[in-house]
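Next comes just one chain, in structure tokens: the form predicted on its own.
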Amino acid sequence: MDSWSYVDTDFEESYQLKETLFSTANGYLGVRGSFEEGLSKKIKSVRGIYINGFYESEEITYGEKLHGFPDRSQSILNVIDTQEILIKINGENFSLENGTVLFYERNLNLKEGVVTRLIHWKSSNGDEVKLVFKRLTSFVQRELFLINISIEPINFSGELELISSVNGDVSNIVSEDDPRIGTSNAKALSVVEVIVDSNKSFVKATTEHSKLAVVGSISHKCSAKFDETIEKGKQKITHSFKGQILKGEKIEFTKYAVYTDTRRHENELKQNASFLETSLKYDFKHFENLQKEYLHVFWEHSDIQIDGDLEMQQGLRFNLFHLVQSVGKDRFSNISAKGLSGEGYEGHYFWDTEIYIFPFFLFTNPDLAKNLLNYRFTILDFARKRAKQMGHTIGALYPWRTIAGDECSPFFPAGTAQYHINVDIAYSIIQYYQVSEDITFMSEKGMEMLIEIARLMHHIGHYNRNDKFCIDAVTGPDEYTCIVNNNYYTNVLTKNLFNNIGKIWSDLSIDVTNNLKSKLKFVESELDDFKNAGIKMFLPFDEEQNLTPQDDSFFNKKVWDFENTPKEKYPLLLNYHPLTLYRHQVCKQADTILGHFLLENESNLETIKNDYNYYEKITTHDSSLSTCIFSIMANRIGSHDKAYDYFMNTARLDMDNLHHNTKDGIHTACMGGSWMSVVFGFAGMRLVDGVLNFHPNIPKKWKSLDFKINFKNRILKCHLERNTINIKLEKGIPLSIKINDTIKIIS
């Protein structure tokens, strides 16, 4: 096993799953790993190309619509297809389902960012050919997708025909049975222009409701002098190349595909043509080298090196590679639950970004982390509007599910009611400031978001008869327990916001604070209100059992009958009515335990241990977000073997298809969670009062663990062996950290 690659040697097995795993993307454009030549109906394919933040909006149909319910959905679209290249050898169609496959291998190179497919094929006439397909979605030129094919006839000379197309006749998948898969209108794009200009072809399509347009274009280079003919249809343009090939002589064929859209490009057609023209000046190798250079810098900062566990090493690198492929790199985009590899969850952005994915970028590539927060700032006005729709007179309420900023979640108990999305975003803003010390960001964007979030959270709370600040009728991270009072997680993260906003305010210049007061009609007495609410925040606690209730009513419910629930009934959300779940003590994922991880100092270690042991028994981990948190906290309480077991279910969840739905797209939050499991779990890293703390203890089978941390403009190189850690300052000035509660100076 090579930990820098993912290799497949059986094209027939789990084809849709591998379309996801071999997807290539760059944060703007994503292409599923479908075969260029296609497949018959016997092997089903979900062929897809997606643009981050490009969506269609439709009216949400309710049987009974109440005030404040979202009006419209937003769904990522499968856009114009440029993957198709058909190959004919002496008149016979090349297909892995016909003829004889003498050799097959597909390789995703994580270090170089290229997918390579190697094939030795014999036609029914006995003609043998070796084919090498390479594809990449460029990190350097985000609009560009490339396919390169090398063709070598082994035992014959004859005729070769290559048929390449750009096709606007595309659709999305629809599933009414699984809420995790998109349910949008399958046919959302309409072709409005089909243009041939010399040897370049362009298809432009538009959406009906979101009023967005996309252009997909293609052109080609061929090392042999083949005749090219172009056929223009109403939705599809086909380029055919025909010529003679000689035994033992390779030819190379490269397809250039460029995408532009109206959200990023002022004149999408003109700019597309310009990008295509510029790209054609360079061969495939040029972009292959640029891809390698980009990833060299990424891995230099982001790689985790495990000595002694090749399987987990491969899983981690696979996950981190897909994260950098998926993360949005402009103000129009974020990172969706399925990245750019599939249509699951309709391409929506969730709280996953801030709590599970943001930490990886924060501590390795802080500029990308800041970009994720920049996106939240661009939709702040939508959040203000949503707050008013929900009856709040002040502040901002961020959408639970969105692409362009509007709330898109039609099921409010496990959607809109999850007000913790607000304090999740606030938590990440605070963490970003503590890690980066970026006062400019806080002055221009961060503090404005914090104020509006704090106002909203203060508005929904109230003081009870014991003068404790309470938050009623919300849903925490656990979606099997909805609409509760005083969800511990929500309350403790709100307390964190209230405790920190005044401290950060005092770091801002007078000019900045005066500007915020004027712009937001903000008065400093509001800071006193926040501070008082933080001091008096009600955090549910059962003193008799030394346990933290998930909410006010949780311990009063009947425990779910796990013993008599058959395996085929999991995940429970697909087999039981929500009310059945809400009436029981059963958790879909970490909730209170997640609160303990994020704000560990709010509880003593004995309580955390008790809570861990209690909630572990009633948590199904039906969410992919769960096992990483249980791994991290198992390490914290000293259950190191258990921590490794949970980590195994995190690091390779997609590679091994552990949740049986990776065909619909990767699980980006779980991928971020695998990084957290190592750095926050086995290395025991925490940020407490602006100081890095480490409590290291790596798995027994690991000889060593190495990774880097970007912290306060410093690069720290961390080397761990068993329960020891050695930290070197690779860049920046000395600083103090804590290792097992002992202060160390790193210089």
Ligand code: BGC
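Being a predicted model, the structure only gives us computed values, none of them experimental. One rule holds for the numbers: they count along the sequence shown, beginning at 1.
Omitted here: the form predicted in complex with the ligand. The next part is about that form.
Peer 1: Of S623, Q325, S123, N148, which one comes within 4.5 Å of the ligand in the predicted complex, counting heavy atoms only?
Peer 2: Going through each option in turn, the one that passes is S623.
Peer 1: Sort through F287, F139, F530, W400 and report the residue having a heavy atom within 4.5 Å of the ligand in the predicted complex.
Peer 2: It is W400 that has a heavy atom within 4.5 Å of the partner.
Peer 1: Since the partner isn't included here, can you check whether the ligand sits close to all of S23, F54 and E343 in the predicted complex (heavy atom within 4.5 Å for each)?
Peer 2: Checked in the predicted complex: no contact with the ligand for any of the three.
Peer 1: Would you point out which of 444 to 452, 544 to 552, 349 to 357, 271 to 279 contains residues with a non-hydrogen atom within 4.5 Å of the ligand in the predicted complex?
Peer 2: In short, 349 to 357.
Peer 1: Given that the partner is absent here, does A337 sit within 4.5 Å of the ligand in the predicted complex, heavy atoms only?
Peer 2: Yes.
Peer 1: Is there a heavy atom of D81 no more than 4.5 Å from a heavy atom of the ligand in the predicted complex?
Peer 2: Output for D81 is no: heavy atoms all beyond 4.5 Å of the ligand.
Peer 1: Is there a heavy atom of Q589 lying 4.5 Å or less from a heavy atom of the ligand in the predicted complex?
Peer 2: Yes.
Peer 1: Is E526 close to the ligand in the predicted complex, meaning a heavy atom pair under 4.5 Å apart or at it?
Peer 2: E526: no contact with the ligand in the predicted complex.
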